[in-house]
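One chain comes next, on its own, written out as structure tokens in the form predicted on its own.
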């Protein structure tokens, strides 16, 4: 794991470089690992599209507003203006099952932050910026960029921080097998 320098200027230089790389060629940024299968199949495709639509509506940015959506991505690369930005890496020799452990690790950081009155936002999108991150943070080639995380205080006046998300019914994701 790499922690961005506490100096906000260093974090801002990294964010500026990430935004610049995104603006230069947004369609060709590729993550170090695949986020989703292509094409994303059901029911996950419908869930993903419903969430993105709801998020865009909350932000006042419909899916058809490409400029607005790009501004949203740029906000992500600025850690949503949180005072701390974390970047998480993992030894690339590890296997896919290691992502389960890594997810637990990320969740523990998020729970510990919440217990201390802080808010977090995990950001898989930072994997798209592995080249910029390697340049600014000297991340070795043997490490894969897994995610970033914004750490600070949520702005509860933003509609996207107050979205009421639909919860799946138990039957939608659990199979009960009687033995």
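No experiment lies behind these values; they were computed from the predicted model shown. Positions refer to the first chain, counted from 1.
Separately, the form predicted together with a small molecule exists; it is not shown, and the next lines address it.
- Mapping the unseen interface onto this chain, residue 9 falls outside it, with no heavy atom inside 4.5 Å of the small molecule in the model of the complex.
- Using a 4.5 angstroms threshold between heavy atoms, residue 125 counts as touching the small molecule in the model of the complex.
- In the model of the complex, at least one heavy atom of residue 121 sits within 4.5 Å of the small molecule.
- Taking the partner from elsewhere, residue 89 is found to have every heavy atom lying beyond 4.5 Å of the small molecule in the model of the complex.
- Contact with the small molecule in the model of the complex, defined as a heavy atom within 4.5 Å, is made by all three of 76, 80 and 165.
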